[in-house]
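One chain comes next, on its own, written as structure tokens: the form predicted alone.
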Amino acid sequence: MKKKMTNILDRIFKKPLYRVFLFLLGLPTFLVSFIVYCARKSSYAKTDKTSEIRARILAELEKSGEKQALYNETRMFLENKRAFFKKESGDFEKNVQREFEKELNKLVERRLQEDEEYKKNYRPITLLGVMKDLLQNNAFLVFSIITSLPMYLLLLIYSNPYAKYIFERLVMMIFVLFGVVFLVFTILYMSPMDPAVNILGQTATQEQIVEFNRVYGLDQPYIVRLFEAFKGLVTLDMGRSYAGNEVVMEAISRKFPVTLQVTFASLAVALILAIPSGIISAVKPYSTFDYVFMLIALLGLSIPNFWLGLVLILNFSINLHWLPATYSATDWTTLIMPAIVLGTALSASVARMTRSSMLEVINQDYITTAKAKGLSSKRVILKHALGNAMIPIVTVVGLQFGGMLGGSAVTEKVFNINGIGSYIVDKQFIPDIPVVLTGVVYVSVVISLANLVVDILYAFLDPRIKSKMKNY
């Protein structure tokens, strides 16, 4: 256990960013190790005989003739180089001496590292080496675990390739969020629209506008307001909306379940329609089914969501009275038409990707080999072909799923769905800065997490990616 931990410490210390995290999370352990390191360094300086060992190694090299042989080899190399390039480069003898001294120092250092006396008594003391020695002591190990538990959690994360990959992506996501907040806030700050005038109306007095700006901090300098935006991101308190004076995070959290329901329903519709259609179309290319499917997929990509939504409402709600025209959280049937509208475009993209990916895979040699072994066509297609064709499909589904979780404003407006997309779009025309900032941060988080899940799924679908991830 201790040996494994020291090996992880050796690996993690080679990564500068991880080294910083390790120091911050294990500060008590590093402070004790640093005190011991300073004491040992002081004692080491008084007894260090490294220079004497170097002198002994140099004398041995001279006595054995290796020093002279190295000089002759260096001189011959430079003479051949000069003859090949037919070009003089300064004083030849000085160049030979300089190159010889460089090679001699390298040889002495190699012999020094191999010397038993040096390895036993005079190897340079490092902070990492001292820390590893102290961790061999059970009492110090217990003290370190108690005072620096986050450091050991980091070591545990680093020891697992999947956990390490996820941790690094989450850290990157934090920097992305701060960058998004900076860009969006700066753009909104430079916007010519005045929130006070848009909310209070054109008839508002100057005193009312000044008071509105004071209450919401709009009279503060750019730097102060940007700092407050960053502070809100860290504390998960993005403030109150200008219109309605509601807590923004609470409003987003109320609308998220609605968007999540619509997204999952749309994804279910898309996958049920797209995957079988794409597989059949790839297995029977250029057949009647394939041509019909391609036409439907093209129509699905071409039809605007708002038009399809209005057509569904006109036929199934107004004419036939089969389905409700507007969304209701208590009636699952109100999800059917929004799911069809959003799922249609998604199913067209996924089906086309399934077809092209399957066509590429089923012509590979290993599929021919599987068929030659006598496996049934169904097993070859579902187990061997579909599994290897899934990576592009998962990519498309993951990106589309993240986008739909960010809200589909047009569809939400058509079916009167009180989701995140329509909420953010309504607020951006004020502009309601806290709401827009929170909405953009939410979308960034959702898309980043969707991409992370897609990348993790790659490792389960393709052993080659899993191997790369383990060596990452």
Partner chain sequence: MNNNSNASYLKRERKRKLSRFTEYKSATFATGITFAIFLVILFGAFDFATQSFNMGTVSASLIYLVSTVIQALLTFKIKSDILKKGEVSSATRKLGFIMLLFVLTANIFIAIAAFNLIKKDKGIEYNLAIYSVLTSFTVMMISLLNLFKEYVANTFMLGMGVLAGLTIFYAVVMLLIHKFVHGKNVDKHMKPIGYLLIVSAISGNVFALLLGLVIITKIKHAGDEISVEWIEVLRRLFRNNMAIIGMFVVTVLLSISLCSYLTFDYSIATDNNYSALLLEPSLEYPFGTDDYGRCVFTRIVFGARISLAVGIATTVVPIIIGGVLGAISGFYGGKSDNIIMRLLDVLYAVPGILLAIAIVAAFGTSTFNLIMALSIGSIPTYARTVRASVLGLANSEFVEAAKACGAKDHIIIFKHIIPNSLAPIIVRATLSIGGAVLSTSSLSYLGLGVEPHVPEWGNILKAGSTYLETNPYLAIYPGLAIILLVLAFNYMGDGLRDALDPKLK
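Only the largest set of C-alpha atoms that superpose within 1.5 Å between the two forms is called the rigid core. Positions refer to the first chain, counted from 1. The structure displayed is predicted, hence computed values, not measured ones.
From this point on, the text means the form predicted in complex with its partner chain, which you will not see here.
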Q) Just one of 327-335, 99-107, 172-180, 68-76 has heavy atoms within 4.5 Å of its partner chain in the predicted bound form; which? A) 172-180
Q. If you check in the predicted bound form, do Leu156, Ala450 and Leu461 all have a non-hydrogen atom within 4.5 Å of its partner chain?
A. no
**Q.** Proximity to its partner chain in the predicted bound form, single hit among Met249, Leu128, Ala204, Ile303 (heavy atom within 4.5 Å)
**A.** Ile303
Q.
To verify the annotation, which of these, Val224, Ile187, Leu149, Val142, has a non-hydrogen atom within 4.5 Å of its partner chain in the predicted bound form?
A. Ile187
**Q.** Non-hydrogen atom contact Arg40 with its partner chain in the predicted bound form at 4.5 angstroms
**A.** no
Q.
If we define contact as a non-hydrogen atom of the residue within 4.5 angstroms of the partner, is Arg352 a contact of its partner chain in the predicted bound form?
A. yes
Q: Using a 4.5 Å heavy atom cut-off, state whether Thr29 contacts its partner chain in the predicted bound form.
A: no
Q: May I ask you to check whether Gly374 falls inside a 4.5 Å heavy atom distance of its partner chain in the predicted bound form?
A: no
(Q) With its partner chain taken in the predicted bound form, which residues across 414-434 come within 4.5 angstroms through any non-hydrogen atom? (A) Val414, Ile424, Val425, Gln428, Phe429
Q.
Rigid core aligned, does the Cα position of Val283 differ by 2 Å or more between the shown form and the other one?
A. no
(Q) Using the rigid core as the reference frame, would you say Met193 shifts its C-alpha by 2 Å or more between the shown form and the other one? (A) no
Q) Is Ala325 among the residues whose Cα moves by 2 Å or more between the shown form and the other one after superposition of the rigid core? A) yes
